[in-house]
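Consider the single chain below, provided in structure tokens and representing the form predicted on its own.
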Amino acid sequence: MNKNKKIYLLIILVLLLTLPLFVSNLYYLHIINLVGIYTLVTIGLNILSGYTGQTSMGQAGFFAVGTYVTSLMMMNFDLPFFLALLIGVILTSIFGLIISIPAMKLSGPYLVLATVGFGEIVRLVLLNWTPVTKGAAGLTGIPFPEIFGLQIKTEKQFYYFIIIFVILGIYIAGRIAKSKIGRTFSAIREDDLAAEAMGVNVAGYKTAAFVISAMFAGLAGGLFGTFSGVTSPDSFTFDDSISFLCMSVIGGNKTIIGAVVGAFVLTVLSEALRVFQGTRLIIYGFILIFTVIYMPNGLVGIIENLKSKILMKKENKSME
């Protein structure tokens, strides 16, 4: 890592740590906390779709499993948050493994339909398994997490709590992307038949991508349940899966930082469009089409292109 990158990272870290000092409005801080949670979901989706080329429209299903399992472990068995979260992430990963099995034989629209079906099955189970999930009424009174006896319950406390997970998630995903696994994911995305001809275990890597994607969604779900304090099947609909997909595409699904950008833009936009709740998905659709046609690499891709042009101009001037 060069000196400039270290300086940029240090500036970003300082800004993140001091942000609550400048944001006194609790509503704005609440939105920022949601951005952090959705960033984790989108990171997992970027690894799945951006790096391996597998489209999933059932991410809300994994998100729901993580939320409900973590919350129920805390409520019914009085488990500490981190143990409940671990169980939630593990079970969500198992669901990712299960859904990856039929996904190995599907591609294109058929894979999309399979993931949509998974998301709807999860929602219907949550809606109808009333003795456990409380059905449409959902779960209320989800306990707050505790660290060394300190209960995390205010927006500011949750900000620092969530940001730790986001930073760790970005770091881990970044390491995966730059490792042999990440390079193999990219090779599979470009041409899975060519990758298989080179001796790559395509099925195994695609399965790993689904599991990793589910893990991130399960982690985000565990945080979401204890952060919101209440949850219901209405929080994990097909609309939410579309929102996560939009976050991935608009931010730039071939980069990890694109997840942060996409989650921020779509979460803020969603709040701004509350008055157009009935037409929100139509607006998302137009944004998605525009992004795919005119910004295939998302907002991060535009930033990278501008950065490259500025560097080229500087080099040309120095040569003159």
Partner chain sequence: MTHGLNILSINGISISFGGLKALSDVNVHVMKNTVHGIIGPNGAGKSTLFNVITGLTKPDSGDIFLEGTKLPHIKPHQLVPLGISRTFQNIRLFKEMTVLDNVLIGQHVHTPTPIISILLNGRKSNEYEKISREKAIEALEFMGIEDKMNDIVKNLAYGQQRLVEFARALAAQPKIILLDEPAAGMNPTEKVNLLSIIGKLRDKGYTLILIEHDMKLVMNICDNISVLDHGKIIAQGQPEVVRKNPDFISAYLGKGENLNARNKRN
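Quick caveat, the model's predicted, so the values are computed rather than measured. Numbering follows the first chain given and starts at 1.
The same protein also exists as the form predicted in complex with its partner chain; that form is not shown, yet it is the one meant from here on.
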property	result
The unique member of Thr130, Thr154, Thr237, Ser179 whose heavy atoms fall within 4.5 Å of its partner chain in the predicted bound form	Ser179
Stretch in contact, per heavy atom within 4.5 angstroms of its partner chain in the predicted bound form, of 77 to 85, 142 to 150, 198 to 206, 157 to 165	198 to 206
Contact label in the predicted bound form: Ala187 to its partner chain, heavy atom within 4.5 Å	yes
Contact label in the predicted bound form: Leu97 to its partner chain, heavy atom within 4.5 Å	no
Contact flag, Ile172 vs its partner chain in the predicted bound form, heavy atom cut 4.5 Å	yes
Proximity of Ile90 to its partner chain in the predicted bound form, heavy atoms at 4.5 Å	no
Members of 242 to 264 lying within 4.5 angstroms of its partner chain, judged by heavy atom, in the predicted bound form	none
